[in-house]
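One chain follows as C-alpha cells, the form predicted on its own.
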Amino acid sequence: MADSGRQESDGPRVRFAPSPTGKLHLGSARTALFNWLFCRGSGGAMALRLEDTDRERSSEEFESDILHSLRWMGLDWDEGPDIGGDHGPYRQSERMDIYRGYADRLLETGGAYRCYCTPEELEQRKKAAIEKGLPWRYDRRCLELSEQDREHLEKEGRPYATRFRVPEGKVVVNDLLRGEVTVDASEIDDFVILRSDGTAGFHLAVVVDDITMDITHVIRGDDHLTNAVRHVLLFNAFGVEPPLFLHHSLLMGPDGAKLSKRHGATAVSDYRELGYLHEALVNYLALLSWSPGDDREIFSLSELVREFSIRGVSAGKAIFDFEKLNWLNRQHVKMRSDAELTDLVIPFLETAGREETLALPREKLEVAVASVRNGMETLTDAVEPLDLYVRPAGDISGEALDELEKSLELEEALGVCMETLRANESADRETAERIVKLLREEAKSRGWGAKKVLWPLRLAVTGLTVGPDLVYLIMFWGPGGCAERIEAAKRTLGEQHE
C-alpha cells in the first residue's frame, strides 16, 4: 500500500465533511470554523467534501444550503465539489470505485473478509445473545467459513458485505485535546466496510478520503471519538500514519442536552434569516470551547485567524447561550457604518414587503436606519420602526392624540417649535442639534421643562408616542418638513373637536 504522499514541509491539510442530509447545523458550522481558522492561521489548506452516501436523505437543496451558509460565514476552501482540486472527486457518492479498490486490498491481505449473514440472521443471533444476558458483537461466523462453504454461498448468489478483521491488542488514538485514548481491540466487533450493495460504509469512506486527500489534522466533534478507534485500525491496516486528531466538545443547549430544534433555531441559514450578522455568529461560535487567553470577546474574522490556536481549545462543555449571541450581535451592529447597516437592512425590508420604505431616497434611508440602530438586536428589528418614516403627516395614533390634548400650553409650545424650525433651512446633523438646543433654551426662558416643548414636537411630527431621537427626525424631514407635519397634526386635532 502506498503512503499518503505527505511531506514534512507541507502545511497542515484539514477537511470539513458534512452530510447534505439537512441544513448546516450550528455545531457543524463550529467544526468547520475551527478547521478553517487553524489552517488559515497555519498557512495550510482546507478541503470541503460531502458525505452524501445516504441517498434517501441527501439532497441538492441541503448541499446548496451548506455551501451558501459557509460562504455567508466568510469561510472558503481550497478544494471542493464546486471548485475541484487535485484530490477529487469531493462527493463520496462519486468515489465508490476508490473505496472498493481499498477494500479489495484488505481482502487480499486478510485484513477483511466477506460476510454472507443476512440482516435477519444477524438480528436472530443478536436477540439470542441478549436473552442470555450476553453482549452482542458480530460472532465472526463468516470468518470461519471453509472454502467449500464460501463457494456454495457464492453459487447460491447470496449477497455479502465486507467486514474489517479487527486485530488483537490495544488501539491508541492520539488526541491533541484529550491525550492518548486507549481501547482494547477485543471491545470492537468486525465492522462492515462495504455493504452488500457495493457501497462503502462510513468508516472505510472517511479513512480512504483522508488518506487520498492527504489530510494531516482531523478536527471534529467528540461524538466521533469512538469512531476514531476504528479509523486508526484502518489507517494502520493500510500502512498509513493516522492524522492528528482533535475531538472538541459538542454544542449543547442551555439545559445541557445536545443543541436541537427544541432549543430554538439550529441552522446557520436560520440565523441569517433572523437578521444576525455573520461576523457576530462566527465570533460567538469561535468562543465556544476556545479562549484567546484573555478577557477579549469581540473579534473580527481576520482577528480570529491571527489569534486562534488549537492549544486554546478546551474539552469543557460548550453551552449555546442565546442571550450572549444577542449581545455580541448588538456589538457588531454598532461597529457598522450607517451606510453598511442600511445595505444589510434592505433585504429584510424587501422580504417584509416594505416598498414605501425602500422607495425613500438613499440618503434619507440612511438617516432613518441610523435613527433606529441603537434599538436593533438583529437586522429584522429595523423593519417596523422604519415604518414611521412613511407615516402620512397628520396620522396621529389615539395614544398620541391623548398625550397632545393633555398639554395645557399646546398651542404656545407648538408655536415655539414652528417658529424655531422655520428659522432654519439645513437638515444636517449640526443644524438639527442646534434646533433642539434652541428649543430647550426657549422652554427654559418661559419657565418650562424641556419636555413641555420637545414632547409635543415629537407627538406632532411622528404621530406616535415612541420613536427615534428628535435630531434624526429633523434631519430626515428637515426643519420645514417638520413644521408642515406640525400643521397637519394641528388640523387633525381640530377635526377631533368638531
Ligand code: GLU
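Everything numeric here is computed off the predicted structure, so don't read it as measured data. Numbering starts at 1 and runs along the sequence shown.
Quick note: we don't show the form predicted together with the named molecule, though the next part is all about it.
Can you check 327-335, 202-210, 368-376, 292-300 and let me know which stretch has heavy atoms within 4.5 Å of the named molecule in the predicted bound form? This holds for exactly one stretch, 202-210.
Select from the listed residues Glu51, Glu433, Asp65, Glu442 the one whose heavy atoms reach within 4.5 Å of the named molecule in the predicted bound form. The option sitting close enough to the partner is Glu51.
Taking 4.5 Å between heavy atoms as the contact cutoff, choose which of His217, Arg354, Arg163, Arg220 touches the named molecule in the predicted bound form. When the named molecule is considered in the predicted bound form, the option within 4.5 Å is Arg220.
I'd like to know if Leu24 sits close to the named molecule in the predicted bound form, meaning any non-hydrogen atom pair within 4.5 angstroms. So Leu24 does not count as contacting the named molecule.
Arg105: touches the named molecule in the predicted bound form, heavy atom cutoff 4.5 angstroms: No, Arg105 is distant from the partner.
Given that the named molecule is not shown alongside this chain, does Arg178 nevertheless sit within 4.5 Å of it in the predicted bound form, heavy atom to heavy atom? Arg178: no, not in contact with the named molecule in the predicted bound form.
4.5 Å heavy atom contact, Pro479 and the named molecule in the predicted bound form: Looking in the predicted bound form, residue contacts with the named molecule do not include Pro479, since no heavy atom lies within 4.5 Å.
Heavy atoms within 4.5 Å of the named molecule in the predicted bound form is the criterion; list the residues of 101-122 that meet it. Residues within 4.5 Å: none.
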